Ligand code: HEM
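Just one chain follows, in the form predicted on its own, and it is written as structure tokens.
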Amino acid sequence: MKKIFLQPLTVRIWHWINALCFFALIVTGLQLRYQELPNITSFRTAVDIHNLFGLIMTLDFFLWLAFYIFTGKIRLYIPLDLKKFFTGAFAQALYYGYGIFLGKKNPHHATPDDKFNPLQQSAYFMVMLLLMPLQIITGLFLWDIKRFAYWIGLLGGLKVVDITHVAVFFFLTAFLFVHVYLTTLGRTPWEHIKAMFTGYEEMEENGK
């Protein structure tokens, strides 16, 4: 076995701050949307907590974006070779849907310059570069409706902004559950999770 360094400290710090923010925003978001659910806090407190963690997540996102842009690692999220991408995506889908249950090897072998398999790459591209900015923008508009009234109007009105924010919220929540499940598909259920603390993953000498 050999250890390979996949997760820099900056990425690991961002990841766990983001995870904490996701949890707080999901809990408070559900309380704000469904007030008939058991209340953990008062409505006003839920609003304040939601706004606070929304701000932290926004700052965390821009730190993540700056790190990946200035280090050039943003390319990890963008498929540059489409033929390779679609071929790899098909192989990865077969693995997740069929091969994994037969004990077959994962067709993708992570390296620092190629961390994500094609399905992960497309999912993270959509989440981090499309949905997260959309969620941040709509959340900012809902935070101060009067100040951003002009921009809210351009997007179709308050109802459109609110529905968009909630729809993305549900999608990101569903993605979180899938993400957690996929992290358990290493050689052991804790292998990938451990790597987000240590930065290292263990691999066989042949890269598998």
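A quick note: this is a predicted structure, and the numbers were derived from the prediction, not measured. Residues carry their position along the shown sequence, with the first being 1.
Missing here is the form predicted together with protoporphyrin IX containing FE; even so, the following discussion is about that form.
Contact at Phe53, Phe141 and Val161 by protoporphyrin IX containing FE in the predicted complex, all three, heavy atom at most 4.5 Å:
Heavy-atom distance to protoporphyrin IX containing FE in the predicted complex: none of the three under 4.5 Å.
Among Leu30, Ala149, Ala167, Leu176, which has at least one heavy atom within 4.5 Å of protoporphyrin IX containing FE in the predicted complex?
Answer to the contact question: Leu176.
Using a 4.5 Å heavy atom cut-off, state whether Tyr124 contacts protoporphyrin IX containing FE in the predicted complex.
Flag for Tyr124 set to yes.
For Gln92, is any heavy atom within 4.5 Å of protoporphyrin IX containing FE in the predicted complex, or not?
Outside the cut-off, so no.
Answer yes if any heavy atom of Phe85 is within 4.5 Å of a heavy atom of protoporphyrin IX containing FE in the predicted complex; otherwise answer no.
Outside the cut-off, so no.
Just checking whether Thr41 would be counted as a contact of protoporphyrin IX containing FE in the predicted complex - the rule being heavy atoms within 4.5 angstroms.
Judged by the heavy-atom cut-off of 4.5 Å, Thr41 is well away from protoporphyrin IX containing FE in the predicted complex.
Would you mind checking 166 to 200 for residues with a heavy atom within 4.5 Å of protoporphyrin IX containing FE in the predicted complex?
The stretch touches the partner through Phe175, Leu176, His179, Val180, Thr183, His192, Ile193, Met196.
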